[in-house]
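Before any questions on how it binds or moves, here is one chain, the form predicted alone, in structure tokens.
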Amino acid sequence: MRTSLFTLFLLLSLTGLAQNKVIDPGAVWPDDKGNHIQAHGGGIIKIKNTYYWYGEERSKGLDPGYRYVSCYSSKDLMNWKFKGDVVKMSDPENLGAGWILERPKVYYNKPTKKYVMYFHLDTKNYQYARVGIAVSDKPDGNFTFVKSFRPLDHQSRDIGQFIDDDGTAYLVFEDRALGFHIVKLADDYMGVEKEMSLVRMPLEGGAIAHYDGLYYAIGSSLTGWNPNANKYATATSLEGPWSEFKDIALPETKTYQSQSTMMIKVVGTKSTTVIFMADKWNPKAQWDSRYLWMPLEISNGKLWLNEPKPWSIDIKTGSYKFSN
């Protein structure tokens, strides 16, 4: 009996069907095929009861003439099914060798029934500094490039996304000259309607969550691939004023060697969990870059990221627990 069970487990593991029982921050995160998830600098949306995770595809052996965005789906945030590369894009605007497509974020627009992807589009020297838009009729692509622009005529590099509890969609972008912009998207999501806040801090990797009447904004200092002590501020409105920025973790940990990309709020029948979603970049082996996801301690204007360890979440109840 033991041999049969072991053989079954081995077969399930080899075929990529073994279930992830926990999220293990910083470890290899296998998808349904047993491959490490390739969704770096990513964003997540929820459509009905399915989560879709989009990110930069950085696997070995990709055609250097293209940029790829991958898509994964999940019902529980722990097990992810690879849906394919929803973007395989050649240089869209004659940007030259080494052109950049980073931090893809997807929004679903109910009136137009379109999935609208925003991403950082740039030249190798980071001087183009624009937002690109691609659209699709389905969450799993394919997405077609439409245009690029500078939101409200400001330079834009790292971007983040935020969808408020009322469904209103916002873009967060880093403007090296001024700071950290939070802007509301136009009704069709094909442009920017207005600026909500300009936070005059040199921050990127913008992430926002709305929890218990307060907005929490997280950002990362401008240190390139190198991790730093991510910081947070709070406000009662996206229009501010924002509080002083404070560390989200012990500063000497450099956010446990990670950089913020998003916060995910899981509202369940018993509780609400806010998940810190970050990248652990490995610039010399980008395909092996890992992910640091952890539930945040968040309440009464205070936010804290504990030392990472394996944990699980119950999507239905909204509760999480750490593994023994």
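Numbers follow the displayed sequence, beginning with 1. In this text, all values refer to a predicted model and were calculated from it rather than measured experimentally.
Unshown form predicted together with a small molecule; subsequent notes refer to it.
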- Message: At 4.5 Å by heavy atoms, is each residue in 102, 158 and 259 next to the small molecule in the predicted complex?
- Response: yes
- Heavy atoms, 4.5 Å, the small molecule in the predicted complex: which of 224 to 232, 247 to 255, 85 to 93, 69 to 77 makes the cut? Say which one. 224 to 232
- Task: Mark residue 204 yes when one of its heavy atoms lies within 4.5 Å of a heavy atom of the small molecule in the predicted complex, and no otherwise.
- Result: yes
